[in-house]
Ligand SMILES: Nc1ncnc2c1ncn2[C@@H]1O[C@H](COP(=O)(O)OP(=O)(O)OP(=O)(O)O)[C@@H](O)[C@H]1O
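Coming up is one lone chain in structure tokens, specifically the form predicted alone.
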């Protein structure tokens, strides 16, 4: 695998209960690329993200992440190099946990601050990430008092706490109102344009949630790839119509996409 390749998925299939979750997947993500993975429910998006997060192994084919092959590496060690934000992780965060602690505890890979002691450097990094995501003023609030949009930004700050080489975001805008979505998209656009940010992969159902600065797209339907490549060449009416199984019109205003029934 080339040194600048962060994710290399070759001939991958994943089966459960005799059926395929994904099949015939070939996908390569290079360093500094920002990918969006699009598709309807059941398309295999979360399965692919779990493979990239080293939280699932393929049934067939090979998966290399950050130069390490799944099945031949200590996944616990590999996971320390990957930032991950998912709904399943978010559900485990206690409502009475202080926002600053939600972020800083990622340094030890735990949820919930107990008796562990963190260095001043960790506390400063947590504060800086909260500021970067626009929620520094909430650092001393209880996590459970935040709006859904604020929680999503805190979750992303937590995922960035360990300075990962790869950041994976599973439907970060799910459940947000219009204001919350736009605030999140703006923050992700800033992150995407930061040359020091990790390689990014974002899973979503909606082209409206693609942040400016993202470079590539992968479209999935029924566990198989419909199209992949540079964003402008891939997010088209033809490809999205095949992906979602109905005629769609795709419009673009500046760096933002919209889609509706044709």
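What you are looking at is a predicted structure, and each value in this text was computed from that prediction instead of being measured. Residue numbers count along the first chain shown, from 1.
As for the form predicted in complex with the named molecule, it is not shown, yet the points below apply to it.
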**OP:** Mark residue 58 yes when one of its heavy atoms lies within 4.5 Å of a heavy atom of the named molecule in the predicted bound form, and no otherwise.
**Re:** no
Original post:
Heavy atom to heavy atom, is residue 252 within 4.5 Å of the named molecule in the predicted bound form?
Top reply: no
Original post:
Can residue 216 be called a contact residue for the named molecule in the predicted bound form at 4.5 Å between heavy atoms?
Top reply: no
Original post:
According to a 4.5 angstroms non-hydrogen atom cut-off, is residue 44 in contact with the named molecule in the predicted bound form?
Top reply: yes
Original post:
Do heavy atoms from each of 21, 40 and 205 fall within 4.5 Å of the named molecule in the predicted bound form?
Top reply: yes
**OP:** Would you mind picking out the stretch of 194-202, 65-73, 228-236, 45-53 that comes within 4.5 angstroms of the named molecule in the predicted bound form, counting non-hydrogen atoms?
**Re:** 45-53
Original post:
Which one, 183, 171, 150, 101, lies within 4.5 Å of the named molecule in the predicted bound form by heavy atoms?
Top reply: 171
Original post:
Within 183-201, which residues come within 4.5 Å of the named molecule in the predicted bound form, counting heavy atoms only?
Top reply: none
